[in-house]
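Quick setup: one chain, the form predicted alone, written in C-alpha cells, and binding and motion questions come after.
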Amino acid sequence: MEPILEIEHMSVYFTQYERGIRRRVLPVIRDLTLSVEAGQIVAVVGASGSGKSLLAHGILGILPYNSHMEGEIRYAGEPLPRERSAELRGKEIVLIPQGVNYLDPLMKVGAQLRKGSRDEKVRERTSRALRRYGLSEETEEMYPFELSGGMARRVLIASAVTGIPRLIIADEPTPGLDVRAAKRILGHFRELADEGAGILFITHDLEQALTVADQVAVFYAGETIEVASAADFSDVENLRHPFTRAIWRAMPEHGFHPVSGTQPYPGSRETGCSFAGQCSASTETCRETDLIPLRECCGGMVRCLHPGKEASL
C-alpha cells in the first residue's frame, strides 16, 4: 500500500542576523525521513526543541518567512509543494495545533467549525463531532473566551474531524486534559485510523504514544534517530539507538532513570552524532562523521554507527 505521507531527507534551515548584517544559517531539522500509511498512527516523540512542530509546519507549508526547506514531501504519491498543501489544508490534511489560540476569539464555536457553511449536513457533522468529544450543543453558541482550556482543546480536535480528512497532524493534542479525557481522545484517534485516516501524532510523552501508535519515530536535536514499531518497546533489547533505550529506562514503569546531559542546541555542532556527548558507547568516529545516515536495522530504522540491537546479535 502506498503511504499517504512520505518525507525523504527533509531539512529545515533558519536565517538569523547577528550584529547588523552578519548572517547565520541555523539547521533545525536535518535529513528527516518518515512515512505514514492510511490507517496507521505514527507517533513522533521528542523533547522540546527537537523539531517536532517544525515538521508539522513544513508539511502544511506554513514555515516562517526566514526559513527554507530541502528534501521531498509526497502526499498520496504526489509531490506536496506549498501551493498544493494550501489547497488541501483544512480539507484532506488537517492540523490539530498545540495552542488553543488558533480559535478565532470573535467567532462562535459552531460558525468556526462549519467554516461559514449553512448546509444542514455540515451542521449535523459539526454537532456530531462536538458530541464525540463530550461537548454539548450549547457549545456551538459559545465564544472561545467562554471555554475552559480543556473544552477549547476538544473544540480544536472536533474542528479537525468535522470533515473527512485523509491525513491528521496532531501536534501535542492532549496537554491540559485530565487522564480520562486524554485517553478518550487517543481512542478516537485509533477509531479515525481504523476508518482509513493516516495520523501523525506529535508528542513529548512516550508513554502516551505507546498506548495508541503503530510506529514510533524518535526525534533528537532535529534528526530522526530511530523508527520502530510500538511492539519493539515491550523490551529495551529490541530498541536500537542509545537515546531510545535511555528514554525507555526513564519511563516510571522501567525505573524512572533520568537521561544524563542535555540535547544540543540546533546549529551548535557541525559533524558527528548529536547524542555522542551523552552516549557512553560513542567513539571518535561517532563524533567526527559528517552525517550519520538513517539506515535499516533489525526490522526498523536507526541513525547510529553502533546500534544496540545489532550489536547484541
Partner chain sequence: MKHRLQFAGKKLIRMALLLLGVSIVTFLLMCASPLDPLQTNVGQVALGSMSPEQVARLEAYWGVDTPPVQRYLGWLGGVLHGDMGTSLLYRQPVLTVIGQRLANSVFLLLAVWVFSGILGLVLGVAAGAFRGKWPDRLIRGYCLLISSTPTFWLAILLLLIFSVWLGWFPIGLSVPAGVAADAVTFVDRIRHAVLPALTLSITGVANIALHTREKMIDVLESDYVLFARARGESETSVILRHGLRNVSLPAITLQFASVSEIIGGSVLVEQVFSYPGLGQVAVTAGLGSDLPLLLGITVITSAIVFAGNLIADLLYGAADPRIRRGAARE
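Residue numbers count along the first chain shown, from 1. Every value quoted in this text rests on a predicted model; they were computed, and no experiment measured them.
Omitted here: the form predicted together with the partner chain. The next part is about that form.
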### Query
Is every one of F256, R295 and G299 in contact with the partner chain in the model of the complex, taking contact as a heavy atom within 4.5 Å?
no
### Query
With the partner removed from view, which of 41-49, 245-253, 59-67, 271-279 is the stretch that lies within 4.5 Å of the partner chain in the model of the complex, judged by heavy atom distances?
59-67
#### Entry: Proximity of M142 to the partner chain in the model of the complex, heavy atoms at 4.5 Å
yes
#### Entry: Distance check, M107 to the partner chain in the model of the complex, heavy atom within 4.5 Å
yes
### Task
Mark N101 yes when one of its heavy atoms lies within 4.5 Å of a heavy atom of the partner chain in the model of the complex, and no otherwise.
yes
#### Entry: Partner contact for R84 in the model of the complex: the partner chain, 4.5 angstroms, heavy atom
no
#### Entry: Answer option from R74, R89, R123, H188, heavy atom within 4.5 Å of the partner chain in the model of the complex
R89
### Message
Please tell me which of I225, L95, L130, M151 lies within 4.5 Å of the partner chain in the model of the complex, judged by heavy atoms.
### Response
L95
